[in-house]
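Here we start with a single chain on its own, the form predicted on its own, put down as structure tokens.
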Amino acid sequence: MSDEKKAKKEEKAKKKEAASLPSVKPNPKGNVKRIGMLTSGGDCQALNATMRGVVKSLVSILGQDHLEIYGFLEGYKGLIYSNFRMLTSKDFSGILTLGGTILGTSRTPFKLMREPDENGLDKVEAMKHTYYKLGLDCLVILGGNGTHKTAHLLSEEGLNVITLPKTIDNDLWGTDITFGFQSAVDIATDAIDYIHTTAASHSRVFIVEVMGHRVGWLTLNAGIAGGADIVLIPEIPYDIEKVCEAINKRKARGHGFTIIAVAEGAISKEDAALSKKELKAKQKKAKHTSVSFELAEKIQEMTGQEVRITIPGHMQRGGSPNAYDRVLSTRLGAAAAEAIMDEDYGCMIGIQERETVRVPLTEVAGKLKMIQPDARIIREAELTGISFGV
């Protein structure tokens, strides 16, 4: 099908969909607050705790009889296809320690939001329709970077939106920390801790691959907390010669083993110098699908030492939130409830200098909080003997 015919077909589908949606307006504001909630993107340990914080605070302010909660299932999909559950405060009781999300989640890429679905449905218009059909006063959206882009889009389309910063990567702009991060650090640290004894017993090099495609906050913090000897993160391209040099220095000093914490998005200096197109082409032809296996092969060749790999994977997202995340999530949820009562929309509730803040979505959407190579935490880690492969 030609591009012109395809465009005409899509336009026809849009018109058909628009015609099928009844003209609806928000219900007149009364004594009842109608709040929609959804969790989008990857799950993490404190999603339920955060939703609980929002609902408990609103009930405390309004009373149960003056609050309606619409929980959209599987993230933005629930909002698009009007798939929701009516919830009460009882649904949020006993979930402070429960991992995952009681609403379910899914990844709905922001770049596809403006494209019709397989049936020609305009996703953005469908979300607006659901919002107005239910007469919502506000949408509370929990998610990471992609989620915030779509939340900002909906805010620009005129919907009342408040977001909460969820990601184990801690890479959301405008907040010092995100909920889920510290719990994931604990799990990744435990993995490194457990590796120490077996690595020492067999005098091996162990690579522990930690989640983090584009930023290295999780790997850096777990690496420091777990006593890793080498930490490799996306923001600091590594030199394999320097990595092997650090391993050989440890061996020369009588340390037969080395622990390397590697972010899944860690990259060599050679690859970092390539264009996106060149890098993509190289990755397609790559022998290994993971940076850890490529590193292991080169280290074994260059140092002669045995190398083993451990990948905790999705364990880092699972289990109960730790005490820090429970406190953080409860505070963020309560602060979101206050913003709802103030009718201060179009913002993310974040933490700055240990206080909750409201950050405009225009400042958050599309921005990554990355580690600066000259950051003090990097310098302080280096002072303790950690190598970053440079």
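For every residue, the number given is its place in the sequence shown, counted from 1. Being a predicted model, the structure only gives us computed values, none of them experimental.
Below: the form predicted together with 6-O-phosphono-beta-D-fructofuranose, not depicted.
Chemist: Looking at 78-86, 161-169, 235-243, 266-274, which lies within 4.5 angstroms of 6-O-phosphono-beta-D-fructofuranose in the predicted complex, counting heavy atoms?
Modeler: Of the options, only 161-169 has residues within 4.5 Å of the partner.
Chemist: Heavy atoms within 4.5 Å of 6-O-phosphono-beta-D-fructofuranose in the predicted complex: does Gly143 have any?
Modeler: No, Gly143 is distant from the partner.
Chemist: Is there a heavy atom of Lys282 lying 4.5 Å or less from a heavy atom of 6-O-phosphono-beta-D-fructofuranose in the predicted complex?
Modeler: Close contact is absent here: in the predicted complex, Lys282 is far from 6-O-phosphono-beta-D-fructofuranose, nothing within 4.5 Å, heavy atoms only.
Chemist: Residue-level question: is Arg317 within 4.5 Å of 6-O-phosphono-beta-D-fructofuranose in the predicted complex, judged on heavy atoms?
Modeler: Answer yes; at least one heavy atom of Arg317 falls within 4.5 Å of 6-O-phosphono-beta-D-fructofuranose in the predicted complex.
Chemist: Answer with yes or no whether Ile224 is in contact with 6-O-phosphono-beta-D-fructofuranose in the predicted complex, where contact means some heavy atom within 4.5 Å.
Modeler: Heavy-atom contact with 6-O-phosphono-beta-D-fructofuranose at 4.5 Å: absent for Ile224.
Chemist: Just to confirm, with a 4.5 Å cut-off on non-hydrogen atoms, which of Arg308, Lys249, Arg107, Lys133 contacts 6-O-phosphono-beta-D-fructofuranose in the predicted complex?
Modeler: Going through each option in turn, the one that passes is Arg107.
Chemist: If you check Ala126, Ile187, Met211, Leu103 against 6-O-phosphono-beta-D-fructofuranose in the predicted complex, which one has a heavy atom within 4.5 Å?
Modeler: Among Ala126, Ile187, Met211, Leu103, a heavy atom within 4.5 Å of 6-O-phosphono-beta-D-fructofuranose in the predicted complex occurs only for Met211.
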